[in-house]
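In the form predicted on its own, a lone chain appears below as structure tokens.
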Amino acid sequence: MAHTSSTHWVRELTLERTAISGSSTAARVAGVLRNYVTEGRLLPGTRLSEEDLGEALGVSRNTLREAFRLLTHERLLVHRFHRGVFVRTLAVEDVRDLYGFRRVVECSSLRRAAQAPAGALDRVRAAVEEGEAAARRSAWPEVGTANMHFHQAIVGLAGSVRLDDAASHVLAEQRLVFHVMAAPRAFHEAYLAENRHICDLLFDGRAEEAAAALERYLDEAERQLVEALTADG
């Protein structure tokens, strides 16, 4: 796993200053860093320098420390005594717990698709198309990000702000596991067709079949990741 301090992602954080300036809060800083995890730009084992991040984002150390505390509570960061704060590296038991949560929440959300709020189905399709477009560019890390958007959109079918928030935290944690796959194309490419299939079932009004397809999909993804983590360990 990578163990870096100042990399290109820190420099890119300067672009986020506008989003958190003015009424800057630790929660907004945490949101920026969480998005970087979800997008695959922050790798497991990365050390987060207060000095570098504070300069990049234009925030105080106290604000950063509170953001770190929030993300540690979400299991995205870990504090190591006398060493600093690092992006977490997940273990097999984390993967099993993540997929247990996702089976319950995502499959249930699919079954409620007939009562989904306006625009929710369209967001599922948009995420599928985002992944397919990234694949045509051979941008496999972007395919992984689109996949996160797809699963977030599935949870959005339930129309619950609380579930949306919980899913955003869980999917960020999930993205940390994907880095264990040595060949991102081989891992992500097969799921593009699965995402399209689930989306088509939804638009055909076959929500129960979509939920069953997703459950098989999650079972297979969990198996692959557990095998990779076991081999890596």
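Heads up, when I say rigid core I mean the largest set of C-alphas that superpose within 1.5 Å between the two forms. All residue numbers are counted from 1 along the displayed sequence. Computed from a predicted model, the values in this text were never measured in an experiment.
Keep in mind that the form predicted in complex with another copy of the chain is missing from the display, and what follows is about it.
Chemist: Does Asp165 make contact with another copy of the chain in the predicted bound form, using a 4.5 Å heavy atom cut-off?
Modeler: Taking the distances in the predicted bound form, the answer for Asp165 is yes, it comes within 4.5 Å of another copy of the chain.
Chemist: Taking another copy of the chain as it sits in the predicted bound form, is Glu130 in contact with it (heavy atom to heavy atom, 4.5 Å or less)?
Modeler: Result no; Glu130 lies far from another copy of the chain in the predicted bound form.
Chemist: Taking any heavy atom pair closer than or equal to 4.5 Å as contact, tell me whether Glu194 reaches another copy of the chain in the predicted bound form.
Modeler: Contact check for Glu194: no, nothing within 4.5 Å of another copy of the chain in the predicted bound form.
Chemist: Closest heavy atom of Asn62 to another copy of the chain in the predicted bound form, within 4.5 Å or not?
Modeler: So Asn62 counts as contacting another copy of the chain.
Chemist: Would you mind picking the one in Val87, Ala158, Ala146, Ala153 that has a heavy atom within 4.5 Å of another copy of the chain in the predicted bound form?
Modeler: In short, Ala158.
Chemist: Please determine whether each residue of Asp52, Glu55 and His188 possesses a non-hydrogen atom within 4.5 angstroms of another copy of the chain in the predicted bound form.
Modeler: Not a single residue of the candidate spot has a heavy atom within 4.5 Å of another copy of the chain in the predicted bound form.
Chemist: Would you give me the residues of 105-121 that have any heavy atom within 4.5 Å of another copy of the chain in the predicted bound form, in order from first to last?
Modeler: Read in sequence order, the residues that approach another copy of the chain (within 4.5 Å, in the predicted bound form) are Val105, Cys107, Ser108, Ser109, Arg112.
Chemist: Could you check, with the core superposed, whether the Cα atom of Ala167 shifts 2 Å or more between this form and the one not shown?
Modeler: Where the cores coincide, Ala167 shows only a C-alpha shift between this form and the one not shown that is less than 2 Å.
Chemist: Cα of Arg136 displaced 2 Å or more between this form and the one not shown, core superposed?
Modeler: Shift of 2 Å or more: no.
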